[in-house]
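Only one chain is given next, in structure tokens, and it is the form predicted alone.
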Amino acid sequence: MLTRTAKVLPLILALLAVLPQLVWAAGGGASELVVVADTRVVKNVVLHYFADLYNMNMLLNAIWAVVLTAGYGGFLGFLMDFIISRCGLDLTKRSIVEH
């Protein structure tokens, strides 16, 4: 059984290594591909704004993404500090207690 597996395993690995090239050979590159957000189905005003922003101004969309991600991270940090303080843990002191 082990010798059969040892014989088949290199064939399987070679097939996995060649498989992406076979897929690329199926067609040309997607040079004419345009990625846009479909705003026809978006009903929420805020989501529609961000979808339009994604389609029209990618730089401003990236700036919004950075700002919102930082704000969300700060919100989660303050929320976790609040929850941890309610649990009785004091994370403001850095004393190491060894038992």
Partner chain sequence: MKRLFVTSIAAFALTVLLCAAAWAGMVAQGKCIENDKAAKTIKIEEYDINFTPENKYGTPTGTVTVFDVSEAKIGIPPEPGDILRIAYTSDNDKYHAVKVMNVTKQDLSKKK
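Residue numbers count along the first chain shown, from 1. Model, not experiment: these values are computed from the prediction.
Just so you know, the form predicted in complex with the partner chain exists too; it's not on screen, but the next bit is about it.
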| query | finding |
| --- | --- |
| Heavy atom of L47 within 4.5 Å of the partner chain in the model of the complex | no |
| Non-hydrogen atom contact A62 with the partner chain in the model of the complex at 4.5 angstroms | no |
| Close approach of T69 to the partner chain in the model of the complex, 4.5 Å, heavy atom | no |
| Heavy atom contacts to the partner chain in the model of the complex at 4.5 Å, residues of 54 to 85 in sequence order | Y54, N55, M56, N57, M58, L60, I63, W64, V67 |
